[in-house]
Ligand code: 13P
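Take a look at this single chain in structure tokens; it is the form predicted alone.
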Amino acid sequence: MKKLIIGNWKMNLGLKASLVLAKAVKGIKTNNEVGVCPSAFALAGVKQILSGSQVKLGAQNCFWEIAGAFTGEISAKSLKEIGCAFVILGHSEQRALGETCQRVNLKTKAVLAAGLTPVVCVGEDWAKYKSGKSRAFVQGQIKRALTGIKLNGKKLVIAYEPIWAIGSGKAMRAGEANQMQALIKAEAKKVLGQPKAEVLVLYGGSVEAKNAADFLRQDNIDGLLIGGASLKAQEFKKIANIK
């Protein structure tokens, strides 16, 4: 089965470095679906480089309004015009700065209305994980983020990233992640009220070439959201080509 591999470059690269990395990964050829998410200022330049390649363009965030006096924001409509295919929403690093599930809900609706694919992030911190509250917490995030969402035949992607695993070098065990992915997919379809909806669930959190295959061979893991490893072209290529 084809997997979805997304590289999240976060705020690690300037414009020049973003274009250099885009040139290094544009030649990826794989049976999987692959995309990268540069900083907003680099989107247009990276899109130009990736044009004609297999690698799709994504954004790291967006605003929920189409236009208006919203200084510093970027709309889903503008991202569509630039050439983005998907948008990451509700990443834990944004949530730590005040992002709420209610805002993620508004953004998800805006992204779908613009004809893009939302990549909605969910995940628990270490305290909730250790106390056995992961499932209830993530189910709550999904319910609040997806209430009132209508896919109307469009695709939804959910990225499960346990916060304690992001950038820590301590990935969740693949089998355990697989169980959470199954729960997330079932809960999302329940909240959407669409049992046949196309919902993909990705895993993210300290994924590298050496452990990526363990996750991708799991039945309920539809792909990966990759941070640090996506900044290394050869590492990212290895992950993208895992069967």
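A quick note: this is a predicted structure, and the numbers were derived from the prediction, not measured. Residue numbers here begin at 1 and follow the sequence given.
Keep in mind that the form predicted in complex with ligand 13P is missing from the display, and what follows is about it.
Using heavy atoms only and a 4.5 Å cut-off, decide whether all three of 3, 35 and 157 touch ligand 13P in the predicted complex. Result no, not one residue of the spot touches ligand 13P.
In the predicted complex, does residue 206 have a heavy atom within 4.5 Å of ligand 13P? Yes, residue 206 lies within 4.5 Å of ligand 13P in the predicted complex.
Should residue 227 be counted as a contact of ligand 13P in the predicted complex, where contact means heavy atoms within 4.5 Å? Yes, residue 227 is a contact residue.
I'd like to know whether residue 167 contacts ligand 13P in the predicted complex, with contact meaning heavy atoms within 4.5 angstroms. Result yes; residue 167 sits at the interface with ligand 13P in the predicted complex.
Wondering, does residue 73 line up within 4.5 Å of ligand 13P in the predicted complex on heavy atoms? Although ligand 13P is absent here, residue 73 would stay clear of it in the predicted complex, with no heavy atoms inside 4.5 Å.
Stretch in contact, per heavy atom within 4.5 angstroms of ligand 13P in the predicted complex, of 74-82, 88-96, 135-143, 106-114: Among the listed stretches, the partner-contacting one is 88-96.
Within 4.5 Å of ligand 13P in the predicted complex, counting any non-hydrogen atom, which residues from 10-36 show up? The stretch 10-36, when checked against ligand 13P in the predicted complex, contributes only 10 at the 4.5 Å heavy-atom cut-off.
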